[in-house]
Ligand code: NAD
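Here we start with a single chain on its own, the form predicted alone, put down as structure tokens.
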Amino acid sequence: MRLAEKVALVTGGSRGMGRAIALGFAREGADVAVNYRSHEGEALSAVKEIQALGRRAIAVKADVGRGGEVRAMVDRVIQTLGRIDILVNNAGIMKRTPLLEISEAEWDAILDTNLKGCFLVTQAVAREMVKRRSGVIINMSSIGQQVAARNMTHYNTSKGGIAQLTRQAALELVDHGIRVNALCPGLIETDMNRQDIAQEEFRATRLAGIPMKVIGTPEDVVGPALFLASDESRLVTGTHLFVDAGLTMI
């Protein structure tokens, strides 16, 4: 098993890509802490699935955009599971709003969760990883860090910030034995965008711009995440792995 005896923390791990990654890590031998903010039932369900695989697991409630809650989450994971070897910064929210209609509150909500949250959790976990001189951090970004899209200004700006945060963290933590990379999915169907994809016009328009003509599922990011989390990528840090069916190559 590629992650045998490892402990992973997956933020936003109750649903979608986070849940798929948490289960994928467990299948490869990792114990997993599943972070959630509001979907407790789904987080507990994920924990049960992980435990059924013979791994340890806990559900930890925390708003990643609040420093106090982040520190309490990290403390609980370490107290319960012993350490954190792998962090997946997956927690994120999205809203489609035209640039001229984005309110200050909506802007703050997106940036606080997606970018500030990524920073706060990275910092808190890295401080613990430094003590052991070992660790892997995977930031879930998006093709939005590289390409623009209508009505996605705040979301894509947050992902652009994650791209640079990934480079900065990789550079500053490399001497401590910590690798930091970003995983950048394209169009993946999750609860966050399922209603949009169900609309025929939206679906057709998006597929027209994807060379492979495929809409991904959360399971499509599990293999790439396992690669970045395992020793198979021991020489990989500060990079961005696109899982986008070819969308960003044109």
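Just so you know, these numbers come straight off a predicted model, no measurement behind them. Residues carry their position along the shown sequence, with the first being 1.
Absent from the display: the form predicted together with this ligand. The rest refers to it.
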property	result
Contact flag, Gly16 vs this ligand in the predicted complex, heavy atom cut 4.5 Å	yes
Contact test in the predicted complex: Asp191 vs this ligand, heavy atoms, 4.5 Å	yes
In the predicted complex, Asp220 touching this ligand (heavy atom, 4.5 Å)	no
Met140 within 4.5 Å of this ligand in the predicted complex, heavy atoms	yes
Candidate site Ala126, Arg167 and Gly238: all three near this ligand in the predicted complex by heavy atom within 4.5 Å	no
Region of this chain that lies against this ligand in the predicted complex, out of 100-108, 86-94, 126-134, 171-179 [heavy atom, 4.5 Å]	86-94
In the predicted complex, the one of Ala26, Ala46, Ala33, Ala62 near this ligand [non-hydrogen atom within 4.5 angstroms]	Ala62
Interface residues of 143-165 toward this ligand, as seen in the predicted complex [heavy atoms, 4.5 Å]	Tyr155, Lys159
